[in-house]
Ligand SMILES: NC(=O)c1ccc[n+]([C@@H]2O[C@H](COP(=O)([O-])OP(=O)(O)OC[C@H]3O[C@@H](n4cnc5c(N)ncnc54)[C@H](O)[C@@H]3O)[C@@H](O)[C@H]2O)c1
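Just one chain is shown here, as structure tokens, and it is the form predicted alone.
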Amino acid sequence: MQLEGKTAVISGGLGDIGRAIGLELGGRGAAIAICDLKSEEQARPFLVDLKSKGISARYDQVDVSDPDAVNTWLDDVTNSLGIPELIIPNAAVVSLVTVRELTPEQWKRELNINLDGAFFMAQSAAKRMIASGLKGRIVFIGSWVGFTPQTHIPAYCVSKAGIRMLTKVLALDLAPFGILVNEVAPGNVDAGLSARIFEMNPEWRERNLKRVPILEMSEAHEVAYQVAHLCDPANRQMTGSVLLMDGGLSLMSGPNPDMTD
């Protein structure tokens, strides 16, 4: 299997996309370490599922906005599964408010988790790989809204725009060490944060589906497949790139009027 002998770390690993990534990378031979804010009890069914498929796996409750907690987690993963070489910062939160309504606490929380947490995880893991002479892959989970403003999720847009530049600067800095850094940028995914938004506002799902030029939304397993593509050892030249999988959403101009009614 193409990822046999590799260890993957995935933040936000109990969300729909995080689970799909864990199953995809694990199915290709990688050992899987996931973290989230949920309890170990809540994680147990997913761990049982992974292990039933012959996948080595562990779960830890980690706040990725705390750099010390991230470092401790990666220490524990290294001791139990090996030095992580496949790094997937996936944890994210979103607030459905306009810029005028956004509170300082909401702004800080989204930037701390979505951007700071991704940086802490990538930086700590990269240092470990460099110190051990290992090559690896860092794949950020970004979003099409990182370059297309949406007025109903301003802090989320800003955090994902930050992920885009973080991808580029890390890619340039880490390239000499054989660590390739890329971003998968989904559009509307019928899972994860988007699915929760649609649950709170059922009418938005159909409206948004009609706005996607291909008239289909992405699913979590499709995001996972693209992450695995960027982790493939045979993929040796892509770094600093954005793999955009938005069904053509970014070809449309302006914010989404249906989401701001």
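Numbering starts at 1 and runs along the sequence shown. Quick caveat, the model's predicted, so the values are computed rather than measured.
The following text describes the form predicted in complex with the named molecule, which does not appear among the structures shown.
Chemist: Among 181-189, 128-136, 96-104, 147-155, mark the stretch whose residues have heavy atoms within 4.5 Å of the named molecule in the predicted complex.
Modeler: Of the stretches listed, the one contacting the partner is 181-189.
Chemist: Which residue, 86, 74, 170, 92, is the contact with the named molecule in the predicted complex, using a 4.5 Å heavy atom cutoff?
Modeler: Contact with the named molecule in the predicted complex is made by 92 alone.
Chemist: Contact check in the predicted complex: 50, 224 and 229 versus the named molecule, with a cutoff of 4.5 Å between any heavy atoms. Do all three pass?
Modeler: No, the candidate spot makes no contact with the named molecule.
Chemist: At 4.5 Å between heavy atoms, is residue 37 in contact with the named molecule in the predicted complex?
Modeler: The answer is yes: residue 37 has a heavy atom within 4.5 Å of the named molecule.
Chemist: Taking the named molecule as it sits in the predicted complex, is residue 12 in contact with it (heavy atom to heavy atom, 4.5 Å or less)?
Modeler: Output for residue 12 is yes: heavy atoms within 4.5 Å of the named molecule.
Chemist: Hey, in the predicted complex, is residue 121 touching the named molecule, heavy atoms inside 4.5 Å?
Modeler: Although the named molecule is absent here, residue 121 would stay clear of it in the predicted complex, with no heavy atoms inside 4.5 Å.
Chemist: Is there a heavy atom of residue 193 lying 4.5 Å or less from a heavy atom of the named molecule in the predicted complex?
Modeler: Taking the distances in the predicted complex, the answer for residue 193 is yes, it comes within 4.5 Å of the named molecule.
Chemist: Check each residue of 128-145 against the named molecule in the predicted complex and list those with a heavy atom within 4.5 Å, in sequence order.
Modeler: Stretch hits, in order: 141, 142, 143.
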